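There is one chain below, alone, in structure tokens, taken in the form predicted on its own.
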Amino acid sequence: MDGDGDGQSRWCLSQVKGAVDDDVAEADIISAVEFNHSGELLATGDRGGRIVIFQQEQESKNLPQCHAEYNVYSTFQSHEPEFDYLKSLEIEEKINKIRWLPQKNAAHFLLSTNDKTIKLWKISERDKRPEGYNLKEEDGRYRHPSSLTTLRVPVFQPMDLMVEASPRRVYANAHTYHINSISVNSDNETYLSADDLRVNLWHLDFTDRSFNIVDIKPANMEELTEVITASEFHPLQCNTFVYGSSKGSVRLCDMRASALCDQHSKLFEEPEDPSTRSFFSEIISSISDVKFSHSGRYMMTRDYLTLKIWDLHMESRPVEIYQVHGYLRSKLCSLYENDCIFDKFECCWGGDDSEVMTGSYNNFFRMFDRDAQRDATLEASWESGSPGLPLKTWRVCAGSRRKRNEIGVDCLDFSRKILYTSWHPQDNIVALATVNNLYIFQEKLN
């Protein structure tokens, strides 16, 4: 698969959020990015436990050339640092995942989680306030009953728009290990949460109990050979979910078969080539993300070097394999020493499932067009181009002689990486995070 021959892509920079500063505070580093189901709202979470929600400008929806204009809608503190006194462990406030619930009324709801606690947040607007109380002054002080001589009917008066974020549920004390995934079910009543060894099923209305549906913890922890790394519900079938493991396999489970899904219905695993076996084989085969296509027919998995598309009807091998950064295979030793080999990259589907996207190093992100069999390497940076101008495509090469728009493997900056990505569900708008910056790109309109 080759990139665009003219060195330009059909994508252009729309917006960059966040300060340009080499000295970035740890709390400001973005750790989650997620569009809601309409694409009108875009939420980001950071290591400081904060969630910032951006709203698409209504005017920009009618102007195709700037329909990716997002501005801050609400900011709130989702999680605070905690301390587990039983285990003498600090629980950091970092937001691991954000998942939106489908909108049912004027308010929006989202789930957010850190390592241990999941919270359900309600995001609502208020543009009126009650006035004319009988027992209260306008400043809030209570009146003495003896001073009441008339009876007033309170009325609602217009006020400046206020966006409120309020916690509606807190789901705690269900995970011994760090939560790596949450996924809302298609029934819109339940959701799952997964940690290293267990997957739990929750009902949104009940915080005091959850049901353990997968448990891979061995009786003797010395026999532990793999852990759960990612999990997701099927978008259409409320009884079906998958979970990926550190050994590179993905298991599909059907909750109709049994209450505890210890026996999977399908196992998606690619046979390992003995000739390529090395010390790093198991590390780089670990599943960092798994996502169903919107149609529910396909499933995408991301490991360290590749992106794989699986047909749910065929377990033996993936139907498509995309090399994200295969040129790093010769650098695995140094990547192991600087811990980059353990980075967990997310992936996402385009709105019509014809394209997929994932991140890489040097602030590069990779776009794969499944229908046209084309791919592109694009860069998220302040210098990547003025808003509205097409992004140039890059090519990473191993040799010393380089052409225009080429960069050598040894010149890549491994501290600049794109781990978190999200694709607008209806339009060709993508959001991705690198350190403390949120980049929004949109399709270039002719």
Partner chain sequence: MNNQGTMSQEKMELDLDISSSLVQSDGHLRRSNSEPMINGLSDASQVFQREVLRSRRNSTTVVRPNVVPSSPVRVPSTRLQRIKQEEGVDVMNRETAHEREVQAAMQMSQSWEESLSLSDNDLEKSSSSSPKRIDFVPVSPAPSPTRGIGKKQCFSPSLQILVSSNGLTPSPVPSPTRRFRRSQSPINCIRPSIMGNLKRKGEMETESQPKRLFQGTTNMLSTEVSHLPELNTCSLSPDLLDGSLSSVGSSSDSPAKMEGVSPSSSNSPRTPLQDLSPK
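Just so we're clear, the structure is a prediction, and the values are computed from it rather than from any experiment. Positions refer to the first chain, counted from 1.
There is another form of the same protein, the form predicted in complex with its partner chain; it is not shown, and what comes next is about it.
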| property | result |
| --- | --- |
| Its partner chain contact in the predicted complex: residue 35, any heavy atom under 4.5 Å | no |
| 4.5 Å heavy atom contact, residue 9 to its partner chain in the predicted complex | no |
| In the predicted complex, residue 109 touching its partner chain (heavy atom, 4.5 Å) | no |
| Partner proximity in the predicted complex: residue 161 to its partner chain, non-hydrogen atom cutoff 4.5 Å | yes |
| Contact test, all of 273, 364 and 424, partner its partner chain in the predicted complex, heavy atom 4.5 Å | no |
| Segment that reaches its partner chain in the predicted complex - one of 288-296, 216-224, 319-327, 149-157, heavy atoms within 4.5 Å | 216-224 |
| Listed residue (132, 351, 167, 102) with a non-hydrogen atom within 4.5 angstroms of its partner chain in the predicted complex | 167 |
| Of 234, 266, 308, 198, the one that lies within 4.5 Å of its partner chain in the predicted complex (heavy atoms) | 198 |
| Contacts with its partner chain in the predicted complex - residues in 407-422 whose heavy atoms fall within 4.5 Å | 414, 415, 417, 419, 420 |
